[in-house]
Structures are given as C-alpha cells and as structure tokens.
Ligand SMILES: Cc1cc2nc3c(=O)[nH]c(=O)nc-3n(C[C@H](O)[C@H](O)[C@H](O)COP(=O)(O)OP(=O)(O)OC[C@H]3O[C@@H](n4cnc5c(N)ncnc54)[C@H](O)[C@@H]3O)c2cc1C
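The data below hold one chain only, encoded as structure tokens and taken in the form predicted alone.
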C-alpha cells in the first residue's frame, strides 16, 4: 500500500499552537507554552473550530491510486493546496498500480487484472517508441495507477474529513489512506496523537447515532435510539 510522509513544516505542537493563536485575541500571556497548551485544549473541547485552521499539515501521499487521490481533492474546505506527480514529464510506460483486495483474493480475477495492466504498459512503451509525447500517451493510464502528491491542509479540514472517510461505508482505499495519515501524525508527536485519538472519528461516533440512509450497524439509526 502507499505511505504518508509528514513534512517538517507541520508543527509538532498543534495544541500549543492553537492556544497561542487564541491567546493573542484573548489578551492572554502567549509566552507560556504550558498555558498555551491548556488554552488550546479548551478551544478543541469547546469546538472553537476556527482556531483549528491555524494548524497546517504538510505531507506527501505516495503510492495511492489516482482514483482515491481524485476523491481526496473533493475536500477543499479551508483552502488546502496540493501538487501531483506530472503525467507530462514522468515516464509511466511502466507504472505501479493498486490491486483491490477482492481481486487480490481471487486468482482468476487477479490474472485478468494484471494482464490488462501489463497490456496498458506495453502500449505505453510502443507509443513512446513511435515518438508520441508522454502528455499524449499518458491518456491510456488507468485510475488504478499509483501517484504521488504533496498536500497541505489545516486541522479543521482533516477533522471534517474524518467524519466522512472513517465511515465503514466509505471507499475502502480512502479508509486505508486516512488511517495511514492518522498513524503518521500520531507518530509525529504526542500532541498529534492526542488530537488523533480524541478528534478523528466517523460522524456516528460523534453523534451517537447513524444519520446515513444506509447504515452499517456500527451505531443505531436516529429513529432506533
């Protein structure tokens, strides 16, 4: 599967940072990081969402499918930005790809899947040999090819994303991608682990019931409480 790299521009003390930014507006002492930390916790627990937007997460998402990255781009709140591996300049005549678990578990299906991926790769090499530029030959690439992006978004956006993408009914690769991000941030610092453990959850965990039309059964539907 893919990997998540948290870039050093990401603050190791997001809770303290939140408290510091809020402190300026409260006329508080922002030189004391212990007080900033406590103030930051209060902001998070009080659901003062605007303060979370001062914490940016910068990361590299590498080895995930182009399909799931297209879905990643749909969460545009809070002015995130990103750069993606270029299909104009990178040689994709031989490309890596993601294999869904249900296909991986079925030998006959996997043979068919692998054969079409190899055929696409073969055609890419043939087009390149004919002098076709990469920006044109790349049109044959499938959504299952892996890609790499550099992404920046704020904490409020990530927490909002968790409500949808940690849901059992979310697309399986997105769930794995989001789980990898949570793991990488948890390992980045203790303050990040505290945020991940307390804030990243599907909306049913937050609400105590499932608001979806089709429920996975993790929580009861609202009218079943």
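Residue numbers count along the first chain shown, from 1. None of the values given here were measured: they were computed from a predicted structure.
Another form, the form predicted in complex with this ligand, is not on view; read the next lines as being about it.
- Contact check for residue 165: a heavy atom falls within 4.5 Å of this ligand in the model of the complex.
- For the chain shown alone, residue 28 is not a contact residue for this ligand in the model of the complex, no non-hydrogen atom being within 4.5 angstroms.
- Looking at residue 160, you'd find a heavy atom of it within 4.5 angstroms of this ligand in the model of the complex.
- Taking non-hydrogen atoms only, residue 77 approaches this ligand to within 4.5 angstroms in the model of the complex.
- Only one of 106-114, 119-127, 68-76, 142-150 lies within 4.5 Å of this ligand in the model of the complex by heavy atoms, and it is 68-76.
- Note on the partner interface in the model of the complex: the residue among 38, 169, 50, 193 having a heavy atom within 4.5 angstroms of this ligand is 169.
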